[in-house]
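For reference, the chain that follows is the form predicted alone, supplied as structure tokens.
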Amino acid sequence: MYSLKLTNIGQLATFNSEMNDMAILENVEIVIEGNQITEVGQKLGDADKIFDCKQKLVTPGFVDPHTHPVFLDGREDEFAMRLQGASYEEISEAGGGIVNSIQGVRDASESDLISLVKSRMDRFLKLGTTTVECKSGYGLNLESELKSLKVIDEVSKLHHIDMIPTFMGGHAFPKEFMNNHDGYVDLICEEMIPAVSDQGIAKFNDVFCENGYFTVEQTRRILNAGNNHGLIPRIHADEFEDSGAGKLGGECGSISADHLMAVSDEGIQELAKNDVIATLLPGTTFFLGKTGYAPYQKLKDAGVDVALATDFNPGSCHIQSMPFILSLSCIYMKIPVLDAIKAATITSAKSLLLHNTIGSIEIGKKADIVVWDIERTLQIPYLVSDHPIQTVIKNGEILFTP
């Protein structure tokens, strides 16, 4: 089997399972055989190929556990509206927002969407993301939701990056159900979810539980229907107001509750009690021009595991860079740098139930590795708009070099 050895590593920053914490190791080497890490230590044996890291920083590849990449066009006009003072909620009430992306996805051919999503995955990979969760949710009818999931599956087969598919029929109410919300919930539960389960692509089932979108009871019904068909629950929770969604995430056994900018203390306690991971999306707060970031310290003090994600989408957060998300996390949520890296790697992997195979540089895990052109972890958030990535290694294969 082909082997690769990374030598001359200045610092290796990774989660260490034996310590159950982040660790920084100096002057170590990594041996990879096939797509797997087989050794981490000093003065290791020979390999078929030697890669000199030139005393630079090495980290795991980023795991982005919350994205919406299946869309046709961007929504730049809504960005302009926000610059003139309109809020996300006002734009949505005026017919913009999520529903503005629906017709494009419904009308687009599968091949056109594949081409667009593939190019978006190219960008993720170059920015150091080696695994990305991808939601449907811009079709909002049976045919287009199944098409979106198929696009995710097809691109994942074509691309180096690993794409984890999530069904999100519960993203918004399409125009044909604007006056019949419960009828759309019926469609999701009785037709979409069984068909998604039969299709066999989606791993998770996500719902936007928020005042003006899906109520707590509607969300509970959709998550329970997904559970009955083998889809693991996730939830968009308390993004704009405390709607009780964080609390529901705990009650429904959701693997992750995402956003949480307005989560209540009761909601935090419910997340902690039920081991729900809090996936925080500071890029969305930043992109929408808001100032109320998710309460990282409260979540941490309560014992809730925190993950980080981009929330890449055409409307509320057109950001693909996990290094930039680390900058926002450190600056606005006061997350210590190593904790931010942990949140963007091993905890994100845990939120996708993949922590036994990715998310850290440890023996037996996939060789998903970033070699940086910097020396210290602090420089990742410090450099903000500069992403000095020298090399991305995915499944043991060197993909990008200077």
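Each residue number is its position in the shown sequence, starting from 1. Values in this document were obtained by computation on a predicted structure and should not be read as measured data.
One more form of this protein should be noted, the form predicted together with ligand NIG, which is absent from this view; the next part is about it.
> Would all three of 208, 236 and 315 be in contact with ligand NIG in the model of the complex, where contact means some heavy atom lies within 4.5 Å?
Yes, all three are in contact.
> Please check if residue 133 has a heavy atom lying within 4.5 Å of any heavy atom of ligand NIG in the model of the complex.
Contact check for residue 133: no, nothing within 4.5 Å of ligand NIG in the model of the complex.
> Answer with yes or no whether residue 311 is in contact with ligand NIG in the model of the complex, where contact means some heavy atom within 4.5 Å.
Answer yes; at least one heavy atom of residue 311 falls within 4.5 Å of ligand NIG in the model of the complex.
> Would residue 166 count as touching ligand NIG in the model of the complex under a 4.5 Å heavy atom rule?
No, residue 166 sits far enough from ligand NIG in the model of the complex that none of its heavy atoms falls within 4.5 Å.
> Is residue 144 close enough to touch ligand NIG in the model of the complex, meaning at least one heavy atom pair within 4.5 Å?
No.
> Could you tell me which one of 159, 106, 221, 75 places a heavy atom within 4.5 Å of ligand NIG in the model of the complex?
The residue from 159, 106, 221, 75 that makes the contact is 75.
> Which pick from 177, 287, 293, 88 sits with a heavy atom within 4.5 Å of ligand NIG in the model of the complex?
Only one option qualifies, and that one is 88.
> Heavy atoms within 4.5 Å of ligand NIG in the model of the complex: which stretch in 370 to 378, 330 to 338, 60 to 68, 30 to 38 meets that?
Stretch with heavy atoms near the partner: 60 to 68.
> Going through 24 to 47 from first to last, which residues have a non-hydrogen atom within 4.5 Å of ligand NIG in the model of the complex?
Not one residue comes within 4.5 Å of the partner.
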